[in-house]
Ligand code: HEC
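First, one chain by itself in structure tokens, the form predicted on its own.
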């Protein structure tokens, strides 16, 4: 009850101060004429609290900013080696360390020669690996990868007249000559992986499954250039 009376006296004083001539003490206030000083104390307390809150906020921001700058500086000046930088820590002076003998990085186990090297018993594989199923999706993927990486030299149809060849680059052999039409699938996979002549290898740009997809699509190009009407399904011959 005392708290309510005090609050009521604060409100009345505010109204009285807003309307000159009407200031009077709250008759229900137990503090009588002391409600003015109490109100001033309350206002002063809120001001101090607000100021202390602002101060705390500023301090926290400063700490966060300092910590962030410190972390950034540590990351910027981290003790890492640059490419080919010498090292005083290792006896051979090289900062680039060889792989630990007898270990293989996760995801880089290459035991299947047919799938990863295109060879069977040391010879180029004549067919696609059993993991590769020739479907429309595979051929469409092979077409997409071929157009990105191969068509610039070999052209979209595989005749070796790509855009860079038209700009003066050496012309590759056509996929449609007898020699290349008779090459096994593993040969094409090996060339894509390791390169041939002026052609660089694409082992780092094209993953193994996509290399086989490209091989399958090249076979499709070769078939398309030597196909006859008998090779076309009867249901679509009338559309030709």
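Computed from a predicted structure; not experimentally measured. Positions refer to the first chain, counted from 1.
One more form of this protein should be noted, the form predicted in complex with this ligand, which is absent from this view; the next part is about it.
A single residue from the set 96, 104, 170, 140 has any heavy atom within 4.5 angstroms of this ligand in the predicted bound form; that residue is 170. Taking the partner from the other structure, this ligand in the predicted bound form has a heavy atom within 4.5 Å of a heavy atom of residue 152.
Looking at residue 207, you'd find every heavy atom of it more than 4.5 angstroms from this ligand in the predicted bound form. In the predicted bound form, this ligand sits within 4.5 Å of a heavy atom belonging to residue 197.
Remark: residue 214 counts among the residues lining this ligand in the predicted bound form, judged by a heavy atom distance of 4.5 Å or less. In the predicted bound form, the residues of 172-208 lying within 4.5 Å of this ligand by at least one heavy atom are, in order, 172, 173, 175, 179, 180, 187, 188, 191, 192, 196, 197, 198, 199, 202, 206.
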